[in-house]
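So this first bit is one chain, no partners, the form predicted alone, shown in C-alpha cells.
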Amino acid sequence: MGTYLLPKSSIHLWLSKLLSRYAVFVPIEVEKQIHWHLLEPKDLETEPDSITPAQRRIRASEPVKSFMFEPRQQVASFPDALTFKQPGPRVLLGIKSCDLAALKVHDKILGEGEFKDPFYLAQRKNTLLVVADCPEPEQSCFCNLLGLTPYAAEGGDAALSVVDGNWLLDVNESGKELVDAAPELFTDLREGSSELARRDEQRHAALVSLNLTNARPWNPDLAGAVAAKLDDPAFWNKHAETCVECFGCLMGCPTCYCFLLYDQAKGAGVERTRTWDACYEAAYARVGGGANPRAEFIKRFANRFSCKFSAFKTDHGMYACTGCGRCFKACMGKIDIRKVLGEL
C-alpha cells in the first residue's frame, strides 16, 4: 500500500492511539534478554524512544506461536459444549522474519486441509503482524541458511525498520488500519529518499553479517541427506552426547506443533485440554499395547531432524525450521544444529 515515516517524537502518541483499538504486544529488554510485553498506557509515560531499542534486537525469547497456539488450552467439554470466546483484536508489533516464517508452518498444519483448528484460526484472524527488521543479528542466528532474510521480504501486515530512531513502516492493504489510527502522524516516503536508502544499507549489512557467521551452506539435498543418515546411530550419538533431555529446544522452537490431549473430570462432566508435546518425551511414540518404535532416546533425537528437515520438506515443500537460534540458546548441552546438518 505504501511506505511511511513515523518520527521518533510521535511513536508513543501513535502507540497510545493503537491502545484504544487493540491489545498491543511489543518486545522489551529484561536483563539483556528480549521478551514480549503487553503494552499499557503507563509504559508510554517514559522517554519517547524507550521501546525502540528492543525493536533493533533479534527475536524475543518466547516463540510467536504461543499467541496463536497456546501452551495449554481447554478445547472441549462434555456433556455441556465448550463456550468459545472470540479473541479480541491485537497487534504483535515487532515479530521477526523468522517468526513470520514459523507461522507459515502452523498455517499449513493447523489452518489448511480437512481438519482445521478453529482456535488457531480465530487467533490468527484477529492478530495484526508488524514484522521488524533484524539490523543486528547474533551469532546464534542462521535464517540465511534456510533461504530467509533478516527483514520481511514479504508477508505480514506491515514491516518496521528503525532508522536513526525514527520508524519506517511498509504497510500492506491488510495493515492499512494501523496507519489509519493516526494518519496525521505519518509522512509518505518516496522512492529514493534518504531514509529508505539508509534502511537498505542496514538490511544489506545485516545480511552480510549473517553470511559471514554462516558462511558454509548446507547440503543442497538436505532432506535426502538427513533421511539417508537415519539408520546411522554412530552419527546421531556423536551429536547427542551432551544432550540432557531438558526439551528446551522443542519448547522454544517456533515451528513445533505436536500436542497432547487429556481429559479431566469437572463436576459431573469432563473437560478436554490440549498441551504442547515434545517428541523427545520417552512415551511420545508409544502406541496401543505398549509398543514404542522410538523407545531409545537416540531414535527420538534423530527423529527431530527427520521431521524438520526431511519429512516436512518432502511433504510440504518447506523446512520446519526458520533459523531463529532459540534451540541453541536454550540448549544446556550447547548442541548446534548447524554443526549437525553441516556434516551431512
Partner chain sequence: MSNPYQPIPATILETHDETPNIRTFKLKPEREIPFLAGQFVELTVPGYGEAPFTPSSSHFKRDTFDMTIMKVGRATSALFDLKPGDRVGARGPFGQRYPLEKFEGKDIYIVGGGVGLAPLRALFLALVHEIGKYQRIFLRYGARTPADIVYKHLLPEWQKIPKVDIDLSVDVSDEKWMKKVGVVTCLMDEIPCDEKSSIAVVCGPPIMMKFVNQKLLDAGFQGGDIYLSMETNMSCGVGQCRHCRLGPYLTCKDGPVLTWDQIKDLENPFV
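Remember, predicted model here, so these are calculated numbers, not experimental data. Residue numbers count along the first chain shown, from 1.
Below: the form predicted together with its partner chain, not depicted.
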Exercise. Of the listed stretches (171-179, 91-99, 140-148, 261-269), which one has a non-hydrogen atom within 4.5 Å of its partner chain in the predicted complex?
Worked result: 261-269
Exercise. Quick one: does residue 61 come within 4.5 Å of its partner chain in the predicted complex, counting heavy atoms only?
Worked result: no
Problem set entry | Non-hydrogen atom contact residue 77 with its partner chain in the predicted complex at 4.5 angstroms | yes
Exercise. Might residue 118 be said to contact its partner chain in the predicted complex, defining contact as any heavy atom within 4.5 Å?
Worked result: yes
Exercise. Taking heavy atoms only, is residue 315 within 4.5 angstroms of its partner chain in the predicted complex?
Worked result: yes
Exercise. Looking at 197, 234, 82, 212, which is the one with a non-hydrogen atom within 4.5 Å of its partner chain in the predicted complex?
Worked result: 82
Problem set entry | Sequence-ordered list of residues in 267-294 near its partner chain in the predicted complex, where near means a heavy atom within 4.5 Å | 270, 272, 274, 277, 283, 284, 285, 286, 287, 288, 289, 291, 292, 293, 294
